[in-house]
Structures are given as structure tokens and as C-alpha cells.
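So this first bit is one chain, no partners, the form predicted alone, shown in C-alpha cells.
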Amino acid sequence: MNAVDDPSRIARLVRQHAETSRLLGVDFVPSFRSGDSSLTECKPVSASRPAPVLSADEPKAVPEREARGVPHAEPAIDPDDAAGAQARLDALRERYINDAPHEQFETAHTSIVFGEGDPAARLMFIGEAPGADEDRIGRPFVGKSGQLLDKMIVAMGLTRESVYIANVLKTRPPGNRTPTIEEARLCAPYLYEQIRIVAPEIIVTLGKSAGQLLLGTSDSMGAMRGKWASFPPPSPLVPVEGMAPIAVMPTYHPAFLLRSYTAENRGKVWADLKLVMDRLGLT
């Protein structure tokens, strides 16, 4: 049977269309080329499977010195390669905990929020810093911003488990404030090594701080978004050696969308994500 005429595939796309509209509340809808095999490779989500929402009684993260690595996510490629990448990420987490760069600046944290997802993901999301919910749970993007990010990922035809998610800072800044340049400089080597291990095809930076760090710029968020850039940049905040260039798409942080939830802003973010989908062959 031709893929275009496959009833189960058509039904899945219709359900995904409806679920995307319901979740995002805008006219974002993923569109796919008929017969595109990348749909199955990237593990699209059924509309009957809601985006993860953490309950109030979610177990608290263990103290940072006793923390273990994040659970091993289902790999998108060779399991042996993914297992090796996860082992390197776990070792990097332990090195971060031992080095404790956050002890050199003011922080208000109870747990390390290092990163999670597919250790061999094609797509990596990088935010700015953990918030209160992330600090309590010990996972990145699990609060309201994280729930919106989950919906964005679903709208792209992906799952949270098929991407990798991290932040520039691994600890919560006081009052959830924006990371300073010095804080970013101290934590950058560990983020850069995460990027080196995961080796994604594309990085989506979420928010101004993450975009400025990865692109080595002081541009505004509005000036960065919607345009392809490359990491490492010509003048990184800390040295980056021996890393092949990775495409970067900056876009607004989900927290910004929650503060200014207009059709215009949502449309800008969706336009940025569509560029990512096009390059990954998801449209």
C-alpha cells in the first residue's frame, strides 16, 4: 500500500494536527511530506498520549553529592553508541559535581540539574538555568515552561525522550534571575562538553542568555532568532577546540511566551521551529 494511502498513517497525522491545535492554542500545525520515512525514525507522538505533567508529589531529587546520572533514554541510533555517550555524560556530571563551579557564585539550589534525554539525539535544546520546580525535581524544564516546551516538541512530531535538554547553568540562580556572564563562563566548559558528547545535528537555544553564550554575541533575542548560526562561534566565551560546527537556531524561551502569550510571539517561535524541522527532514 502506498504510504499516502495508508489509513493508519493518515489517521495519526489528523490526530496530531488536532492535538497540536488543542495544546498550543494557535494555528501551529505540523505538515509532513507524503512518504517521508523520517517520521517513523523520529518517533512522532500519538495525539492520545498527552504531554508529561509532573504531579505535586513527584519525588524530590537526592542531594547533589549523592546524585546519580539521569535515566538512560531510548536511543535513536545504535544502542552501543548511545550507551557509550550516556556513560560519558554520567562521568561529566560527576566531574561537574566534584568541581562545583557554582560554589564560586551566588546560587539558591538544592540539587544539580544537569540534563536529560537521548544521549545521541539529533536535536538538542539549551535553556538558561533551572527554576524552582527544576531545582526541586532535579530535572530540566519540568515546570510551566517545561510543559510548554513539551508541547512544542510534540508539535514538531518528536518526543521529549528523542531529544536532549540542558541548561547553561546547572544550578538555580537566586530568584530565578538571568545568569550573569561570569556564571555562564564558569559553567560553559561543562555545557560545551555535553554538546561534544551528544553531538547533535542542530541546537535550539531558548532565551537570550543561552543564545548569546552559544553564539558569542551580545545581540538581542529579536536580532538572533529566525536565523541560522553556528557553534562554536568565532569568539566563544571559553575556548572550544576540536569540535565540528553545529547549526544553531535561537528562539524565545518558553517562559517569555508564558509572560507574553500572543499569536505574534507564538508564530515567531513556530517559524523558528519550522526551520529546524525543515533541516531535520521532518516536514
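Just so you know, these numbers come straight off a predicted model, no measurement behind them. Heads up: residue numbers just count along the shown sequence, starting at 1.
Below, we refer to the form predicted together with a small molecule, which is not included among the displayed structures.
Peer 1: Select, from the options 134 to 142, 114 to 122, 91 to 99, 188 to 196, the stretch whose residues sit within 4.5 angstroms of the small molecule in the predicted complex by heavy atom distance.
Peer 2: Among the listed stretches, the partner-contacting one is 134 to 142.
Peer 1: So, in the predicted complex, is Glu183 in contact with the small molecule at a 4.5 angstroms heavy atom limit?
Peer 2: So Glu183 does not count as contacting the small molecule.
Peer 1: Using a 4.5 Å heavy atom cut-off, state whether Glu128 contacts the small molecule in the predicted complex.
Peer 2: Glu128: contacts the small molecule in the predicted complex.
Peer 1: Could you tell me if Asn167 has a non-hydrogen atom within 4.5 Å of the small molecule in the predicted complex?
Peer 2: Heavy-atom contact with the small molecule at 4.5 Å: present for Asn167.
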